[in-house]
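Take a look at this single chain in structure tokens; it is the form predicted alone.
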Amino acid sequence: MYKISTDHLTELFSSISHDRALYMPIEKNGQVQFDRWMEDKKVRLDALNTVKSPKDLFFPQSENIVAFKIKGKNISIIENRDESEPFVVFGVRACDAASFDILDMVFLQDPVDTYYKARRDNGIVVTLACSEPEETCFCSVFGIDATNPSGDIATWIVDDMLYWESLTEKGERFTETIKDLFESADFLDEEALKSHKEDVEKIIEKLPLHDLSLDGFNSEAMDEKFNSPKWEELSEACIGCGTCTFICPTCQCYDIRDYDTGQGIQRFRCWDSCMYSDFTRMAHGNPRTSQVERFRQRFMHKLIYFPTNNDGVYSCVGCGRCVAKCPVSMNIVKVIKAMGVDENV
């Protein structure tokens, strides 16, 4: 394990960005988002959650797929995908790091999504452990340890020191290129970090959603949950805005569209939302014609369908963004509580 004084972080960031792009939480217009680091930008490593997750560094909100030139009866195919270059994403919280594993299950299974894979191969994830979790956090419900995040490299900020530990071979190789900036951590540093983690764990245990139970959300309960009359009541407040899907780090739905540029056709893909009335519309229409059906689909997928097909892994990481941002305060926590194991008691 290495360490570096927080007074020297600008030097660290400058070194990292020397031969690759560096993305980290940056404040702009009062909002914190992952953006490309430059020395004059306002870094906010103290911000717990960015507005959107960093997933769009691997799965962009929109991206080119291919272009076509049409001349008479001849069609030319032009490869113009957005190229992926080496980059580092720094300051990823444990919940968002766990979301990458969920996205991997979707995009790296056969047939492999080569657009996503190229970014995963080129990207290095440097996580930052949480020091002050908020009341909307519930990552521990899904077995995520906010004090020991995954990623290629994990970091912790304790007082005026940043601790740095490589977790993967990719992380080790990258650390070798900048290790001259660090000092080696000693026994006293390890003890200080251990004490810090214990303090944060005590905070997590006191969070209001820490004891949220997932009992009853399993494949055996699929029919029971699907046919529950509670979906009607729960979905009444939903306005179908899609905010929850666009800020969610694990949502992976997208649409593919063709756009006439006037000089040819550009095919691109962009994020989509299962909460929209035209989602997955086909020639015969939309398979889910009501808001209650669309609302049910979103939460059945996260809590029943996905874990059934992925060895029990839920498609939620408890980041709390939807809890904080839903304009009508209807989120996955309320669904879990309403549809839990005791719903028929």
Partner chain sequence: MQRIFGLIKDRVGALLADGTVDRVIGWEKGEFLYDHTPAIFNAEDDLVDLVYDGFCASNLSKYLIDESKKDGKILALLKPCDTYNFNQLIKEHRINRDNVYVLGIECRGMLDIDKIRALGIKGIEKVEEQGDELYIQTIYGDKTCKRNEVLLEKCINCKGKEHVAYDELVTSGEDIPQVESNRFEDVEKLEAMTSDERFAFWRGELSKCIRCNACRNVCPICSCVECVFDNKDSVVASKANTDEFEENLFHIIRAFHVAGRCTDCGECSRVCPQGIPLHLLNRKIIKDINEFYGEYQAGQDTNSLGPLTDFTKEDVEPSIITEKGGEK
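Residue numbers count along the first chain shown, from 1. What you are looking at is a predicted structure, and each value in this text was computed from that prediction instead of being measured.
Same protein, other form: the form predicted in complex with the partner chain, not shown, and the subject of what follows.
For the residues P86, G143, P229, P208, the 4.5 Å heavy atom test against the partner chain in the predicted bound form is passed only by P208. Scanning Y116, F100, F174, F246 against the partner chain in the predicted bound form with a 4.5 Å heavy atom cut-off leaves one residue, F246. Per the 4.5 Å heavy atom criterion, the partner chain in the predicted bound form is contacted by stretch 264 to 272, the sole one of 117 to 125, 164 to 172, 264 to 272, 147 to 155. Proximity to the partner chain in the predicted bound form holds for none of H8, I26 and S195, with the criterion being a heavy atom within 4.5 Å. Although the partner is absent here, G240 lies within 4.5 Å of the partner chain in the predicted bound form, judged by heavy atoms.
Residue contact with the partner chain in the predicted bound form: P133 places a heavy atom within 4.5 Å of it.
For E233, a non-hydrogen atom is located within 4.5 Å of the partner chain in the predicted bound form, even though that partner is not displayed. Residue contact check for D189: none of its heavy atoms lie within 4.5 Å of the partner chain in the predicted bound form. With contact defined as any non-hydrogen atom lying within 4.5 angstroms of the partner chain in the predicted bound form, the contacting residues in 55 to 74 are Q61, S62, given in sequence order.
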